[in-house]
Structures are given as structure tokens and as C-alpha cells.
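What follows is a single chain, given as C-alpha cells, in the form predicted on its own.
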């Protein structure tokens, strides 16, 4: 799922606020297809990780209860303008994506 992440990071003092929108179906495996009546297979993000300066600043374990096209926002300290923040995810089918943003 290339290009599924829109990310930006802004600095205020020494705290960076990261905001990301991830395009993903986030299927629970419980819904049925209206036309066929068959269950739609589960397809959801399991892990979201954010790195700054080679260190993991956020490592989230997600499941089927997270909504379609999830929005993620968090803050961490120790960032400077111009630093790079890298966000990546992996889903239950082994698909993944990564995006980077400069802290502004």
C-alpha cells in the first residue's frame, strides 16, 4: 500500500507534534459483503512505529477495533527543526508502508 501515509511534524520549544493520516481499510473480519453474504476477510494494521534520530518514540500495537483510515497524533520531546521523523506500519497480511517528514 505505497503512499498510504500523510505525515507532518511541527516543533514548539523542544516538543514535536506529529500528525498522520493512514489510508487503510481496517476490516475486522466480522462484516458481511452485502451482495454475497460472505464475511469480508480481516485486514487491519497491527503495528505502528515512529522513529526520530534512530530511536523509537512511539510503538503502538493496533487491532481490528481501529477505524478505517486512522488518524494518529502524538508529541515527543527532544526534536529540533529540520530533524526527520519516520512513521511506518505493518498489517496482518504482511503489507507495510513507511513515510518520512521533516520537523518544521
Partner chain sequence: MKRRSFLKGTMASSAVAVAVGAGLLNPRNVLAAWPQGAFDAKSFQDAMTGLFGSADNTASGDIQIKAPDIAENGAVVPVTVNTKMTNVSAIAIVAEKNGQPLAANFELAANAKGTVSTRIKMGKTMDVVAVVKSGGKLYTARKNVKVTIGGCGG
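Numbering follows the first chain given and starts at 1. Because the structure is predicted, anything quoted here is derived from the model rather than measured.
Only in words, not in the display: the form predicted in complex with the partner chain, which the text now covers.
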Report yes if all three of 30, 47 and 68 come within 4.5 Å of the partner chain in the predicted complex by some heavy atom, otherwise no. yes
Notebook entry, point to check: Can you check whether residue 21 is within 4.5 Å of the partner chain in the predicted complex, heavy atom basis?
Noted result: yes
**Item:** Close approach of residue 61 to the partner chain in the predicted complex, 4.5 Å, heavy atom
**Value:** yes
(message) With the partner left out here, check for me: in the predicted complex, does some heavy atom of residue 15 sit within 4.5 Å of the partner chain?
(response) yes
Note to self: Is it the case that residue 34, even though its partner is missing from this view, gets within 4.5 Å of the partner chain in the predicted complex, heavy atoms only?
What the structure shows: yes
Applying a 4.5 angstroms cut-off on non-hydrogen atoms, the residues of 72-103 near the partner chain in the predicted complex are 72, 73, 74, 75, 76, 77
